[in-house]
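Single chain ahead, by itself, as C-alpha coordinates, in the form predicted on its own.
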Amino acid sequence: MKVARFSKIGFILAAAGSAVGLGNIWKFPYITGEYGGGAFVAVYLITVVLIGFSIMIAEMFIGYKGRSDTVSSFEKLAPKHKSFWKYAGFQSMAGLMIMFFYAVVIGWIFDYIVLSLTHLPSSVEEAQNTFTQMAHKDFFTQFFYLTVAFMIVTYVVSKGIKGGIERLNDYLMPLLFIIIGGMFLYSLSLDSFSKSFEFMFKPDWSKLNSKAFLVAVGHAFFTLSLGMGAIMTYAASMPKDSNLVKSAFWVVVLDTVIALLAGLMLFTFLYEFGAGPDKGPGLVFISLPSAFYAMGVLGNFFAVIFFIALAFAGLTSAVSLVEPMVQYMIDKHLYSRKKASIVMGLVFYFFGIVTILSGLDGTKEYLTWGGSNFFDWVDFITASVMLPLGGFVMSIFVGYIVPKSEVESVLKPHLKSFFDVWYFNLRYIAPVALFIVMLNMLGIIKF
(Lines give C-alpha, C1' and ligand atoms only; values in the text may rest on other atoms or scores of the structure.)
Protein backbone atom coordinates (compact mmCIF):
# COMPACT_ATOMS: atom_id res chain seq x y z
CA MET A 1 0.00 0.00 0.00
CA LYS A 2 1.46 3.33 -1.05
CA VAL A 3 1.66 5.85 1.77
CA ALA A 4 0.49 9.39 0.90
CA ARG A 5 3.24 12.00 1.25
CA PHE A 6 3.27 15.76 1.11
CA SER A 7 5.12 17.41 -1.72
CA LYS A 8 7.99 19.58 -0.43
CA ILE A 9 6.09 22.83 -0.95
CA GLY A 10 2.90 21.12 0.24
CA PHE A 11 4.52 20.29 3.56
CA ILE A 12 5.76 23.85 4.05
CA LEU A 13 2.31 25.27 3.27
CA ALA A 14 0.60 22.71 5.54
CA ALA A 15 3.03 23.30 8.42
CA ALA A 16 2.76 27.05 7.90
CA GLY A 17 -1.02 26.65 7.82
CA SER A 18 -0.82 24.87 11.15
CA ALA A 19 1.41 27.59 12.59
CA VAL A 20 -0.34 30.59 11.03
CA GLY A 21 -3.60 30.71 12.94
CA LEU A 22 -5.60 32.82 15.31
CA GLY A 23 -2.46 33.26 17.40
CA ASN A 24 -0.87 35.38 14.66
CA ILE A 25 -3.77 37.57 13.61
CA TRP A 26 -5.74 37.74 16.86
CA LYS A 27 -3.47 37.04 19.82
CA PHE A 28 -0.10 38.46 18.73
CA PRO A 29 -1.38 42.01 18.09
CA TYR A 30 -3.26 42.27 21.37
CA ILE A 31 -0.47 40.91 23.58
CA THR A 32 1.96 43.21 21.76
CA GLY A 33 -0.39 46.05 22.70
CA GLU A 34 -0.62 44.90 26.31
CA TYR A 35 3.16 44.60 26.77
CA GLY A 36 4.36 47.83 25.25
CA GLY A 37 5.01 47.20 21.56
CA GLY A 38 8.59 47.28 20.29
CA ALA A 39 10.36 45.88 23.34
CA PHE A 40 7.97 42.93 23.42
CA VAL A 41 8.39 42.33 19.67
CA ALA A 42 12.19 42.27 20.09
CA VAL A 43 12.01 39.67 22.87
CA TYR A 44 9.43 37.67 20.90
CA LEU A 45 11.68 37.51 17.81
CA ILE A 46 14.64 36.39 19.91
CA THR A 47 12.60 33.62 21.54
CA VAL A 48 11.27 32.49 18.15
CA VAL A 49 14.87 31.96 17.03
CA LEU A 50 16.31 30.50 20.23
CA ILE A 51 13.37 28.35 21.32
CA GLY A 52 10.74 28.08 18.61
CA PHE A 53 13.08 27.29 15.72
CA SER A 54 15.11 24.82 17.79
CA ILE A 55 12.08 22.90 19.03
CA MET A 56 10.48 22.89 15.58
CA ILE A 57 13.55 21.18 14.11
CA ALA A 58 13.46 18.64 16.95
CA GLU A 59 9.74 17.95 16.46
CA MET A 60 10.20 17.58 12.70
CA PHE A 61 13.09 15.20 13.33
CA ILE A 62 10.95 12.91 15.53
CA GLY A 63 8.15 12.78 12.97
CA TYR A 64 10.48 12.43 9.98
CA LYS A 65 12.39 9.53 11.54
CA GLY A 66 9.37 7.90 13.20
CA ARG A 67 7.13 7.97 10.11
CA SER A 68 4.04 7.34 12.21
CA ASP A 69 1.69 8.84 14.79
CA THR A 70 3.19 10.63 17.79
CA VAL A 71 3.01 7.63 20.14
CA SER A 72 4.62 5.24 17.65
CA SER A 73 7.29 7.76 16.62
CA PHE A 74 8.57 8.10 20.20
CA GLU A 75 8.47 4.30 20.59
CA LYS A 76 10.46 3.72 17.41
CA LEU A 77 13.17 6.27 18.19
CA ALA A 78 13.68 5.51 21.89
CA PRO A 79 16.76 3.24 22.14
CA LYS A 80 15.36 1.72 25.36
CA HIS A 81 12.37 2.03 27.71
CA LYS A 82 10.09 2.21 24.68
CA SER A 83 6.99 1.42 26.74
CA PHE A 84 7.75 4.51 28.83
CA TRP A 85 8.53 6.92 26.02
CA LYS A 86 5.33 6.11 24.15
CA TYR A 87 3.55 8.28 26.73
CA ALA A 88 5.42 11.28 25.31
CA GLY A 89 2.87 11.03 22.52
CA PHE A 90 0.30 12.55 24.91
CA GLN A 91 0.78 15.82 23.05
CA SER A 92 -1.52 14.67 20.25
CA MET A 93 -4.32 14.99 22.82
CA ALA A 94 -3.43 18.66 23.31
CA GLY A 95 -4.41 19.55 19.76
CA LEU A 96 -7.79 17.83 20.04
CA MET A 97 -8.44 19.55 23.38
CA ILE A 98 -7.58 22.95 21.90
CA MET A 99 -10.24 22.23 19.27
CA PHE A 100 -12.86 22.15 22.06
CA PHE A 101 -12.75 25.96 22.07
CA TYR A 102 -10.90 26.69 18.83
CA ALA A 103 -13.85 25.42 16.77
CA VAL A 104 -16.15 27.72 18.74
CA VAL A 105 -13.93 30.74 18.03
CA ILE A 106 -13.90 29.81 14.32
CA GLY A 107 -17.69 29.86 14.58
CA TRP A 108 -17.54 33.39 16.00
CA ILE A 109 -15.43 34.40 12.99
CA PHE A 110 -18.01 32.95 10.59
CA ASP A 111 -20.67 35.00 12.37
CA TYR A 112 -18.57 38.15 12.01
CA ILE A 113 -18.19 37.58 8.27
CA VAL A 114 -21.99 37.76 8.02
CA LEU A 115 -22.08 40.71 10.44
CA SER A 116 -19.56 42.58 8.28
CA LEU A 117 -21.81 42.11 5.25
CA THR A 118 -24.83 43.53 7.05
CA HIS A 119 -24.26 45.86 9.98
CA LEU A 120 -20.96 46.87 11.56
CA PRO A 121 -21.22 48.30 15.10
CA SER A 122 -20.81 52.07 15.08
CA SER A 123 -18.97 52.37 18.39
CA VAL A 124 -16.88 50.33 20.80
CA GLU A 125 -19.86 50.21 23.16
CA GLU A 126 -22.14 48.80 20.44
CA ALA A 127 -19.41 46.35 19.40
CA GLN A 128 -19.09 45.21 23.02
CA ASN A 129 -22.85 44.66 23.25
CA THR A 130 -22.90 42.79 19.93
CA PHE A 131 -20.14 40.43 21.00
CA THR A 132 -21.65 39.92 24.47
CA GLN A 133 -25.06 39.13 22.97
CA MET A 134 -23.55 36.52 20.67
CA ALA A 135 -21.09 34.88 23.09
CA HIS A 136 -23.16 34.94 26.31
CA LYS A 137 -26.80 34.84 25.19
CA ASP A 138 -27.15 33.35 21.71
CA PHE A 139 -26.76 29.56 21.81
CA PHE A 140 -28.25 28.78 18.40
CA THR A 141 -26.00 31.10 16.39
CA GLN A 142 -22.90 29.64 18.04
CA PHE A 143 -24.22 26.10 17.66
CA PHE A 144 -24.95 26.63 13.96
CA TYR A 145 -21.50 27.97 13.15
CA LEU A 146 -19.79 25.34 15.33
CA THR A 147 -21.62 22.75 13.22
CA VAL A 148 -20.32 24.37 10.04
CA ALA A 149 -16.76 24.32 11.41
CA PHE A 150 -17.16 20.66 12.46
CA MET A 151 -18.36 19.64 9.00
CA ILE A 152 -15.58 21.48 7.13
CA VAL A 153 -12.73 20.26 9.34
CA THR A 154 -13.98 16.67 9.52
CA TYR A 155 -14.47 16.49 5.76
CA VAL A 156 -10.99 17.87 4.98
CA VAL A 157 -9.23 15.54 7.43
CA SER A 158 -11.23 12.55 6.14
CA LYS A 159 -9.83 13.17 2.63
CA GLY A 160 -6.28 12.53 3.85
CA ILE A 161 -2.88 14.13 3.46
CA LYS A 162 -2.89 14.76 -0.31
CA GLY A 163 -6.59 15.01 -1.10
CA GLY A 164 -7.62 16.99 1.98
CA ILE A 165 -5.00 18.72 4.09
CA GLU A 166 -2.48 19.60 1.38
CA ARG A 167 -5.20 20.68 -1.04
CA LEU A 168 -6.83 22.93 1.58
CA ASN A 169 -3.53 24.63 2.35
CA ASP A 170 -2.59 24.91 -1.33
CA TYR A 171 -5.64 27.13 -1.81
CA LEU A 172 -6.16 28.89 1.51
CA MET A 173 -2.59 29.79 2.45
CA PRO A 174 -1.84 31.80 -0.73
CA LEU A 175 -5.25 33.50 -0.38
CA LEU A 176 -4.46 34.32 3.25
CA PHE A 177 -1.12 35.87 2.27
CA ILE A 178 -2.80 37.88 -0.50
CA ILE A 179 -5.51 39.23 1.81
CA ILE A 180 -3.20 40.15 4.68
CA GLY A 181 -0.62 41.53 2.23
CA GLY A 182 -3.26 43.58 0.41
CA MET A 183 -4.63 45.08 3.62
CA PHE A 184 -1.08 45.79 4.75
CA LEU A 185 -0.33 47.63 1.50
CA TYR A 186 -3.47 49.74 1.98
CA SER A 187 -2.41 50.54 5.56
CA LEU A 188 0.85 51.97 4.13
CA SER A 189 -1.20 54.79 2.60
CA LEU A 190 -2.71 55.87 5.93
CA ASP A 191 -1.19 58.62 8.06
CA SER A 192 -1.13 56.40 11.14
CA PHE A 193 1.17 53.79 9.62
CA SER A 194 4.27 55.60 10.89
CA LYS A 195 2.79 55.65 14.39
CA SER A 196 2.00 51.94 14.15
CA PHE A 197 5.52 51.18 12.88
CA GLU A 198 7.07 53.14 15.73
CA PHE A 199 4.91 51.33 18.27
CA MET A 200 5.86 47.92 16.86
CA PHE A 201 9.57 48.44 16.28
CA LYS A 202 10.81 51.24 18.53
CA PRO A 203 11.55 49.48 21.83
CA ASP A 204 10.54 51.13 25.07
CA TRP A 205 12.53 48.95 27.46
CA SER A 206 10.92 50.59 30.50
CA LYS A 207 7.69 48.75 29.65
CA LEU A 208 9.36 45.35 29.52
CA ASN A 209 9.17 43.19 32.62
CA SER A 210 9.79 39.54 33.45
CA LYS A 211 6.16 38.64 32.79
CA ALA A 212 6.39 40.09 29.28
CA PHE A 213 9.43 37.88 28.65
CA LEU A 214 7.55 34.75 29.78
CA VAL A 215 4.52 35.70 27.68
CA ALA A 216 6.82 36.14 24.65
CA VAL A 217 8.35 32.68 25.20
CA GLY A 218 4.95 31.08 25.64
CA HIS A 219 3.46 32.76 22.60
CA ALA A 220 6.45 32.04 20.37
CA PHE A 221 5.90 28.39 21.21
CA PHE A 222 2.10 28.44 20.84
CA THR A 223 2.02 30.32 17.54
CA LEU A 224 4.34 27.80 15.85
CA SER A 225 1.96 24.92 16.74
CA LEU A 226 4.64 23.17 18.77
CA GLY A 227 3.99 20.62 21.48
CA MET A 228 0.62 19.49 20.13
CA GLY A 229 1.75 16.77 17.74
CA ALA A 230 0.74 18.61 14.56
CA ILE A 231 4.19 19.37 13.16
CA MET A 232 5.40 15.90 14.17
CA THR A 233 2.48 14.19 12.43
CA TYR A 234 2.90 16.28 9.29
CA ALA A 235 6.65 15.60 9.28
CA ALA A 236 5.92 11.86 9.22
CA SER A 237 4.57 12.44 5.70
CA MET A 238 7.49 14.53 4.41
CA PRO A 239 9.33 13.35 1.30
CA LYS A 240 12.34 11.23 2.24
CA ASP A 241 14.87 13.64 0.74
CA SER A 242 13.50 16.66 2.63
CA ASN A 243 15.73 19.31 4.20
CA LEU A 244 14.22 19.61 7.69
CA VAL A 245 16.18 22.74 8.56
CA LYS A 246 15.14 24.63 5.43
CA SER A 247 11.51 23.55 5.91
CA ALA A 248 11.53 24.67 9.54
CA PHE A 249 13.13 27.96 8.53
CA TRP A 250 10.42 28.76 5.99
CA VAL A 251 7.61 27.83 8.37
CA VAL A 252 9.05 30.10 11.06
CA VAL A 253 9.60 32.94 8.57
CA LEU A 254 6.08 32.73 7.11
CA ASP A 255 4.52 32.52 10.56
CA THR A 256 6.51 35.49 11.90
CA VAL A 257 5.98 37.67 8.81
CA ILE A 258 2.20 37.16 8.96
CA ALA A 259 2.18 38.07 12.66
CA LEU A 260 4.19 41.26 12.07
CA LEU A 261 2.17 42.32 9.00
CA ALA A 262 -1.10 41.67 10.84
CA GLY A 263 0.09 43.69 13.83
CA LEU A 264 1.22 46.64 11.72
CA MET A 265 -1.99 46.63 9.69
CA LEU A 266 -4.33 46.31 12.68
CA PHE A 267 -2.59 48.98 14.76
CA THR A 268 -2.62 51.35 11.77
CA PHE A 269 -6.39 50.95 11.40
CA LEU A 270 -6.93 51.35 15.14
CA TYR A 271 -4.79 54.50 15.40
CA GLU A 272 -6.30 55.95 12.23
CA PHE A 273 -9.86 55.65 13.45
CA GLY A 274 -9.58 56.61 17.08
CA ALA A 275 -8.76 53.40 18.96
CA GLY A 276 -5.58 52.29 20.72
CA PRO A 277 -3.42 49.18 20.65
CA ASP A 278 -4.03 48.13 24.26
CA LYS A 279 -7.52 46.65 23.96
CA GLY A 280 -6.69 43.11 25.03
CA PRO A 281 -8.46 40.00 23.70
CA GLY A 282 -11.38 42.10 22.46
CA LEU A 283 -9.19 43.90 19.91
CA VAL A 284 -10.40 41.87 16.92
CA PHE A 285 -14.03 41.29 17.91
CA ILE A 286 -14.74 44.62 19.61
CA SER A 287 -12.25 47.40 18.80
CA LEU A 288 -11.57 46.54 15.16
CA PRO A 289 -15.20 46.31 13.91
CA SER A 290 -15.89 49.82 15.20
CA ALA A 291 -12.72 51.05 13.46
CA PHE A 292 -13.90 49.44 10.22
CA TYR A 293 -17.27 51.20 10.63
CA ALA A 294 -15.48 54.56 10.76
CA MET A 295 -14.04 53.81 7.29
CA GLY A 296 -17.49 53.86 5.68
CA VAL A 297 -18.35 51.49 2.83
CA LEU A 298 -14.67 50.60 2.40
CA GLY A 299 -14.73 49.46 6.02
CA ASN A 300 -17.38 46.83 5.26
CA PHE A 301 -15.20 45.50 2.46
CA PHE A 302 -12.11 45.35 4.65
CA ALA A 303 -14.08 43.81 7.51
CA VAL A 304 -15.36 41.02 5.27
CA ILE A 305 -11.99 40.12 3.78
CA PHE A 306 -10.26 40.43 7.16
CA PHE A 307 -12.63 37.97 8.83
CA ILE A 308 -12.40 35.68 5.80
CA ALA A 309 -8.60 35.72 6.24
CA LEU A 310 -9.07 34.99 9.93
CA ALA A 311 -11.37 32.08 9.06
CA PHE A 312 -8.78 30.71 6.60
CA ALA A 313 -6.08 30.92 9.29
CA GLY A 314 -8.37 29.20 11.79
CA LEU A 315 -9.36 26.36 9.46
CA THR A 316 -5.81 25.53 8.30
CA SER A 317 -4.77 25.32 11.95
CA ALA A 318 -7.88 23.37 12.94
CA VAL A 319 -7.20 20.46 10.57
CA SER A 320 -3.69 20.19 12.02
CA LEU A 321 -5.09 20.05 15.55
CA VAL A 322 -7.32 17.07 14.71
CA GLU A 323 -4.93 15.16 12.42
CA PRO A 324 -2.55 13.81 15.15
CA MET A 325 -5.34 11.93 16.96
CA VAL A 326 -6.82 10.76 13.65
CA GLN A 327 -3.41 9.34 12.66
CA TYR A 328 -3.13 7.70 16.08
CA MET A 329 -6.50 5.96 15.65
CA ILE A 330 -5.45 4.79 12.16
CA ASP A 331 -2.04 3.45 13.22
CA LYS A 332 -2.80 2.06 16.67
CA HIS A 333 -6.44 1.00 16.42
CA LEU A 334 -6.64 0.28 12.67
CA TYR A 335 -9.54 2.67 12.06
CA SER A 336 -10.22 3.73 8.51
CA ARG A 337 -9.40 7.41 7.92
CA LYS A 338 -13.06 8.23 7.42
CA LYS A 339 -14.09 6.54 10.68
CA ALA A 340 -11.22 8.09 12.65
CA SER A 341 -12.03 11.57 11.28
CA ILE A 342 -15.71 11.29 12.17
CA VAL A 343 -15.01 9.96 15.67
CA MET A 344 -12.45 12.67 16.49
CA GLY A 345 -14.69 15.29 14.87
CA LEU A 346 -17.62 14.23 17.06
CA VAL A 347 -15.38 14.47 20.14
CA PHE A 348 -14.44 18.11 19.56
CA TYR A 349 -17.99 18.88 18.36
CA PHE A 350 -19.51 17.57 21.61
CA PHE A 351 -17.04 19.43 23.80
CA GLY A 352 -17.48 22.49 21.59
CA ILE A 353 -21.13 22.49 22.62
CA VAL A 354 -19.99 22.23 26.25
CA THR A 355 -17.68 25.21 25.64
CA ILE A 356 -20.58 27.26 24.28
CA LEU A 357 -22.75 26.38 27.27
CA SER A 358 -19.94 27.31 29.65
CA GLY A 359 -20.14 30.91 28.43
CA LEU A 360 -23.92 31.29 28.27
CA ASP A 361 -25.98 33.07 30.89
CA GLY A 362 -28.11 30.46 32.63
CA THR A 363 -25.79 27.50 32.07
CA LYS A 364 -22.29 28.80 32.76
CA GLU A 365 -22.68 28.43 36.52
CA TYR A 366 -22.99 24.65 36.06
CA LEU A 367 -19.74 24.54 34.06
CA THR A 368 -17.63 26.79 36.25
CA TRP A 369 -15.18 25.54 38.85
CA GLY A 370 -12.71 27.52 40.92
CA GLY A 371 -13.79 30.77 39.31
CA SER A 372 -13.05 29.57 35.76
CA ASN A 373 -15.46 28.08 33.24
CA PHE A 374 -14.88 25.06 30.99
CA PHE A 375 -13.46 27.25 28.18
CA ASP A 376 -10.93 28.83 30.54
CA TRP A 377 -9.92 25.50 32.09
CA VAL A 378 -9.26 23.83 28.73
CA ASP A 379 -7.30 26.88 27.57
CA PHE A 380 -5.26 26.85 30.80
CA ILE A 381 -4.53 23.09 30.77
CA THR A 382 -3.41 23.10 27.14
CA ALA A 383 -1.50 26.40 26.99
CA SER A 384 -0.01 26.35 30.50
CA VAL A 385 0.70 22.64 30.96
CA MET A 386 0.45 20.45 27.87
CA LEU A 387 2.16 22.62 25.23
CA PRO A 388 5.23 23.70 27.24
CA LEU A 389 5.48 20.18 28.70
CA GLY A 390 5.36 18.76 25.16
CA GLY A 391 8.17 21.07 24.09
CA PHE A 392 10.20 20.23 27.20
CA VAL A 393 9.79 16.49 26.58
CA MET A 394 10.84 16.81 22.92
CA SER A 395 13.96 18.80 23.80
CA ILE A 396 14.97 16.19 26.39
CA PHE A 397 14.16 13.30 24.07
CA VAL A 398 16.15 14.57 21.07
CA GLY A 399 18.84 16.22 23.18
CA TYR A 400 19.53 13.37 25.62
CA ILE A 401 17.72 10.13 24.68
CA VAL A 402 18.15 9.72 20.93
CA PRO A 403 21.82 8.96 20.17
CA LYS A 404 23.61 12.09 19.01
CA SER A 405 25.02 10.24 16.01
CA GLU A 406 21.47 9.54 14.78
CA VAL A 407 20.50 13.20 15.12
CA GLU A 408 23.73 14.29 13.39
CA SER A 409 23.17 11.96 10.45
CA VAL A 410 19.90 13.73 9.58
CA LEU A 411 20.53 17.33 10.60
CA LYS A 412 24.26 18.08 10.41
CA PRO A 413 24.39 18.02 6.58
CA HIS A 414 21.90 20.91 6.64
CA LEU A 415 22.93 22.77 9.81
CA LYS A 416 26.64 22.26 9.06
CA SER A 417 28.78 24.26 11.52
CA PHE A 418 25.66 25.48 13.34
CA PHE A 419 24.74 21.96 14.44
CA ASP A 420 26.65 22.21 17.73
CA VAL A 421 25.04 25.60 18.48
CA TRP A 422 21.57 24.19 17.82
CA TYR A 423 22.28 21.04 19.84
CA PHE A 424 23.57 23.05 22.81
CA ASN A 425 20.51 25.28 22.66
CA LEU A 426 18.20 22.26 22.50
CA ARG A 427 19.85 20.60 25.51
CA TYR A 428 20.36 23.56 27.83
CA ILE A 429 18.51 26.73 26.85
CA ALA A 430 15.15 25.62 25.42
CA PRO A 431 14.21 23.08 28.14
CA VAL A 432 15.14 25.45 30.96
CA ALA A 433 13.13 28.31 29.42
CA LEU A 434 10.09 26.10 28.83
CA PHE A 435 10.27 24.63 32.33
CA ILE A 436 10.36 28.12 33.86
CA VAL A 437 7.45 29.25 31.67
CA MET A 438 5.41 26.24 32.77
CA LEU A 439 6.17 26.77 36.47
CA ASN A 440 5.23 30.43 36.17
CA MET A 441 1.97 29.69 34.36
CA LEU A 442 1.08 27.15 37.03
CA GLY A 443 1.74 29.74 39.73
CA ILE A 444 4.52 27.66 41.33
CA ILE A 445 6.97 30.51 40.82
CA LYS A 446 6.13 34.16 40.31
CA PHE A 447 7.94 36.90 38.41
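So that there is no doubt, residue numbering starts at 1 and follows the sequence shown. Source: prediction; values computed, not measured.
In what follows, reference is made to the form predicted in complex with 4-fluoro-L-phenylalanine (PFF), a form of this protein that is not presented.
Colleague: Name the single residue among 268, 247, 320, 327 that comes within 4.5 Å of 4-fluoro-L-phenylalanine (PFF) in the predicted bound form, judging by heavy atoms.
Modeller: For this set of options, the contacting one is 320.
Colleague: Which residue, 145, 374, 193, 222, is the contact with 4-fluoro-L-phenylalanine (PFF) in the predicted bound form, using a 4.5 Å heavy atom cutoff?
Modeller: It is 222.
Colleague: Counting only heavy atoms and a 4.5 Å cutoff, which of 73-81, 361-369, 224-232, 344-352 contacts 4-fluoro-L-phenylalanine (PFF) in the predicted bound form?
Modeller: Going by heavy atoms within 4.5 Å, the stretch is 224-232.
Colleague: Using a 4.5 angstroms cut-off on non-hydrogen atoms, would residue 426 count as touching 4-fluoro-L-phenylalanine (PFF) in the predicted bound form?
Modeller: Judged by the heavy-atom cut-off of 4.5 Å, residue 426 is well away from 4-fluoro-L-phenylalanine (PFF) in the predicted bound form.
Colleague: Using a 4.5 angstroms cut-off on non-hydrogen atoms, would residue 431 count as touching 4-fluoro-L-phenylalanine (PFF) in the predicted bound form?
Modeller: No, residue 431 is distant from the partner.
Colleague: How about residue 10 - does it come within 4.5 Å of 4-fluoro-L-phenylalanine (PFF) in the predicted bound form, if we only consider non-hydrogen atoms?
Modeller: Residue 10 lies outside the contact set for 4-fluoro-L-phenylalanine (PFF).
Colleague: Taking 4-fluoro-L-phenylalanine (PFF) as it sits in the predicted bound form, is residue 438 near enough to touch it, meaning that at least one heavy atom pair lies within 4.5 angstroms?
Modeller: Output for residue 438 is no: heavy atoms all beyond 4.5 Å of 4-fluoro-L-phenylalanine (PFF).
Colleague: With 4-fluoro-L-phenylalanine (PFF) taken in the predicted bound form, which residues across 154-171 come within 4.5 angstroms through any non-hydrogen atom?
Modeller: Contacting residues: none.
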